[in-house]
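Taking the form predicted on its own, here's one chain by itself in structure tokens.
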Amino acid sequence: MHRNTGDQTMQQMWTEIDAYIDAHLIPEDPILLQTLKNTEDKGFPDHLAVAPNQGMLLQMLIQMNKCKRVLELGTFAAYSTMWLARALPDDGYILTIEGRDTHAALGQENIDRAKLPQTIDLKVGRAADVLKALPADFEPFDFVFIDADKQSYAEYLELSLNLSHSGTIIVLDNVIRAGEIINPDNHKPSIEGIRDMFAALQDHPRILSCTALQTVGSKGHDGFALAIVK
């Protein structure tokens, strides 16, 4: 999509405001900085990671709800994984799933370097296959963060609900895509997948309440959906 000068000016302002927020409200954390640096040193783009102020939001949601068990779909370099882990007690547990071998190797390296007290279990494979292979008596999760392939979001939502309990929080990232979800000419699998997710969330019998919020910032114009399990 061609961006005009106005769009670029807006993006610059959004990025600068995120930097202002980060400077005031997001403490520097050596583990997070180390993770970003190693990701960059290995030649991977940081645009696939959550923005720091959004990472802090995830941390706060976990803290507010005193979560101990977290499921993450889409590890990439494990930057968001670090944010999720920071909020957990030392005996907390994260299952994070990554579909790409190269990303999983980088994520595992960053996890190993971080030496966090929490248990972080990184599994490689298609998230749906990994989740379906979990034992039937697998203890449910308190918090789910979905940031993987968008065409599978509706499927991931259902699988996450099967691994949830009453009160589990589910957060799905990148659900606005600069407004492309309402572009009638866009039929990309990723966009159709997000539309399927919205349709699935609507009046879902197993969801107590849900919403979606648009965001602007260093990551452009996007947003996330939030749901609480009934």
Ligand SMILES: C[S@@+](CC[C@H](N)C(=O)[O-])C[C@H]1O[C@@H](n2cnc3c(N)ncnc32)[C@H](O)[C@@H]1O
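The model shown is predicted, which means the values in this text are computed figures rather than measured ones. Numbers follow the displayed sequence, beginning with 1.
Not on display, but discussed next: the form predicted together with the ligand.
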Can you tell me if Arg86 lies within 4.5 angstroms of the ligand in the model of the complex, counting non-hydrogen atoms only? no
Can Asp149 be called a contact residue for the ligand in the model of the complex at 4.5 Å between heavy atoms? yes
Does the ligand get within 4.5 angstroms of any non-hydrogen atom of Lys132 in the model of the complex? no
Any chance Pro117 has a heavy atom within 4.5 Å of the ligand in the model of the complex? no
Heavy atom within 4.5 Å of the ligand in the model of the complex: which of Val50, Ile62, Ile170, Met197? Val50
Though the ligand is not shown, can you say which of Ile97, Ile111, Leu157, Ile94 has a heavy atom within 4.5 Å of it in the model of the complex? Ile97
Quick one: name the residues from 52-86 with any non-hydrogen atom within 4.5 angstroms of the ligand in the model of the complex. Glu72, Gly74, Thr75, Phe76, Tyr79, Ser80
